[in-house]
Structure formats: C-alpha cells, structure tokens
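The form predicted alone is given below as one chain in structure tokens.
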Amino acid sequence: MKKLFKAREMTAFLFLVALFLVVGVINPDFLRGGENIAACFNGAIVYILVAVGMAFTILIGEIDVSVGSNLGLVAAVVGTMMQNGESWIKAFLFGLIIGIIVGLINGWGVAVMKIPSLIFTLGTNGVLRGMMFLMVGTKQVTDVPVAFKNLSSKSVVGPLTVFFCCTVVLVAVIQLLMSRTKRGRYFIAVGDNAGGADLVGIPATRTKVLAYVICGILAAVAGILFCSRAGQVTSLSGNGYEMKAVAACVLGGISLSGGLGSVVGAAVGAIIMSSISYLLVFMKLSSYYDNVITGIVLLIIVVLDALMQHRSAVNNRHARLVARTATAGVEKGGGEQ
C-alpha cells in the first residue's frame, strides 16, 4: 500500500477523485446516478490514446507536437474512404499505415538525423495540417456510415462504452509490457540516459524510432475513434490535442526530462484534461475557460516538475559530497594508524 500511494500516477488519480467531489459539492446533480462520471470516462478515449502515445516520446526525453494533425488527417482519410463506400477494414488499415509512416518520419528525423524533436515534429505538424486543408478545405466529411457512428455509443459495462473498455484493456497491456519486459523497460532507460543505455547494449536509436512509431499508431487509432464519435471531420479536427496530451502526461507524473513515469499516469491525466469542459457545464461556467484552465494546469505542473528535478539534483550532489568526505576521512584515519 505504501508503494502504491507513493506512485506518481496515484497523485493524478487522487486529484481526479477530488475534482469530481468538488464539482459534486458545487452541483449535486453531477454525482447522481453515475452517468455523468461515465460520460467523462467515455469522452476521454481519444485523449487517452493520444496521451499514451505522447507518453512514449516524453519518456525517451523527446516530444511529438504533430499528434493532433496526425489524428485529424487519419480521421479525414478514414471518413472520406467510408463516405465513398470503401470497406471499414480497408479504411482502418489505410489510417494505421498513415500513422506508421508519420511515426517513422518523426523517428528518423529525431533519432537518426539528431534534429531537435520540437522543431522536427512542428514541421511535420505543418505538413499534415496542410494536407488536411488540401483534402477537406472549407467542407466537412459528414456522410460517415450510421453503423460506424453508433458503434461509439454501444455500452458494455453499464454506461461504459465498448471503446472505453477496449482502451482500458489496451493501456493495461501496454503498462504490463513496459514494466514486466526487458524491451519495454528500454524506453525508460533511454530517457534516463541515452548515452549510458548505448554503452550497456540498449539500442537507443532504434528505441526512439519505435517510440515515435507507437505514438503515430496510437494517434491514428485515436483519429479513427474520433471519426466515429464526432461523426464529422473538418480541416481543424485534432487541433490543440497536442497541448492537452502534454498536459495529461505531466499531470500523470511523467517527467518532461524523460526516464520517469508510466502510461497509466498519462491515461489518468487525459481523463482529467478531457473532463474539464464537461465539468465546467455543471459549474455553470463558459466552455471558453477550457483552454485557460488547461494552460494554467500545464504551467503549474511544468514549474513543479522543474523544481522537483532541481531539488533532486541538489540532493544527489549533496549525497555524493557526503560520501566522498566520508571516504576521505576513512582513508586519512587509516593512514595515521
């Protein structure tokens, strides 16, 4: 139990519970029946997938700000293909291929060419968003099959939808693979010390490329689910998701410097960030506060993360100094004898 409550993601979970309780005190209708809490969970699936994908890149000490455009482009392509009568399987496979290609390009630019991840993925973001404008323009992709749209509202466990339950299972599997397998722990090792990882035989470059590919795939899956949930896609779909994904990761306990955190924390953080706009309704506040609150939360957590890293570095230097002093004292005492 002590280990559980010391986990970084537990802080995010307790914050989520406290947030729901506070809103319930302000407006008791929120906690009645449990449907509103379930709505928060069901509405978070797209954010969870994007945040978990982003978690892989942050864990290796990098970032991917193209996830929103990746999501939007895949949603537009899948929606257009289904609108034109293509089979679901073909549309889904094409969307996943786009995500893999985007991930490979980002991984190649960051891991192989050594280009700063923020700059390279920002360029990728511009290219993908431009392709969306060329494809969709001022129109909307709206004629998505009704059966595909209805799939997002099908319940499995009470009011929880099939999409949410599948997302929970996927996150659990990813967490187990990352914590229980040797290759899964490579991402943490590379983020902690890429040079040291190479020295002990961990393929740092290949691990970084794989992290970006996983990020691209999860963003593509999020785009497919976005198309089903929204039922329509515009040239602005997915815009701003990268900021919420980063906020979700740091809120879930993932260090921006890499090497610390878990995908479960990112998932819990995503539920918090996606629930803000829904909770504002029960607090009788305008949805325009959503981005303001997201930005404030992100700034606070980033500052706290920087302070914690600085404190940790100071404590480590102090511990090394004490150890060296003690060693010097022992050697001096031995020499006098």
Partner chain sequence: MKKRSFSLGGLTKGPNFGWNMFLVIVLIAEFIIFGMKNSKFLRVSLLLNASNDFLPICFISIFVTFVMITGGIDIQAGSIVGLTSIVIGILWQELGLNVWVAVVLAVIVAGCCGALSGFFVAYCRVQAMVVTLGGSFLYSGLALLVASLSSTEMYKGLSIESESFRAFTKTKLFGVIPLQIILFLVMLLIAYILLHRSKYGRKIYLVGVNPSAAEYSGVNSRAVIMSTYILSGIAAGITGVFMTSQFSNTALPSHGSTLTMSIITACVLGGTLSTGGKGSVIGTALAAIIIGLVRFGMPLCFNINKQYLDIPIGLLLVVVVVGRAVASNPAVIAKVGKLRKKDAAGAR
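Residue numbers count along the first chain shown, from 1. Think of the rigid core as the biggest set of C-alphas that the two forms share within 1.5 Å after superposition. Everything numeric in this text was worked out from a predicted model, so none of it was measured.
One more form of this protein exists, namely the form predicted together with the partner chain; it is left out here, but the text below deals with it.
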{"property": "Joint contact, Leu73, Ile101 and Ile224 to the partner chain in the model of the complex, by non-hydrogen atom at 4.5 Å", "result": "no"}
{"property": "Options 208 to 216, 117 to 125, 173 to 181, 141 to 149; stretch whose heavy atom lies within 4.5 Å of the partner chain in the model of the complex", "result": "117 to 125"}
{"property": "In the model of the complex, Leu298 touching the partner chain (heavy atom, 4.5 Å)", "result": "yes"}
{"property": "4.5 Å heavy atom contact, Arg32 to the partner chain in the model of the complex", "result": "no"}
{"property": "Exercise: Asn27 in contact with the partner chain in the model of the complex, heavy atom 4.5 Å", "result": "no"}
{"property": "Proximity of Leu160 to the partner chain in the model of the complex, heavy atoms at 4.5 Å", "result": "no"}
{"property": "Heavy atom within 4.5 Å of the partner chain in the model of the complex - residue from Leu256, Leu96, Met82, Val168", "result": "Leu256"}
{"property": "Members of 282 to 306 lying within 4.5 angstroms of the partner chain, judged by heavy atom, in the model of the complex", "result": "Tyr288, Tyr289, Asn291, Val292, Thr294, Gly295, Ile296, Leu298, Leu299, Val302, Val303, Ala306"}
{"property": "Core-superposed C-alpha of Gly34 shifting 2 Å or more between this form and the one not shown", "result": "no"}
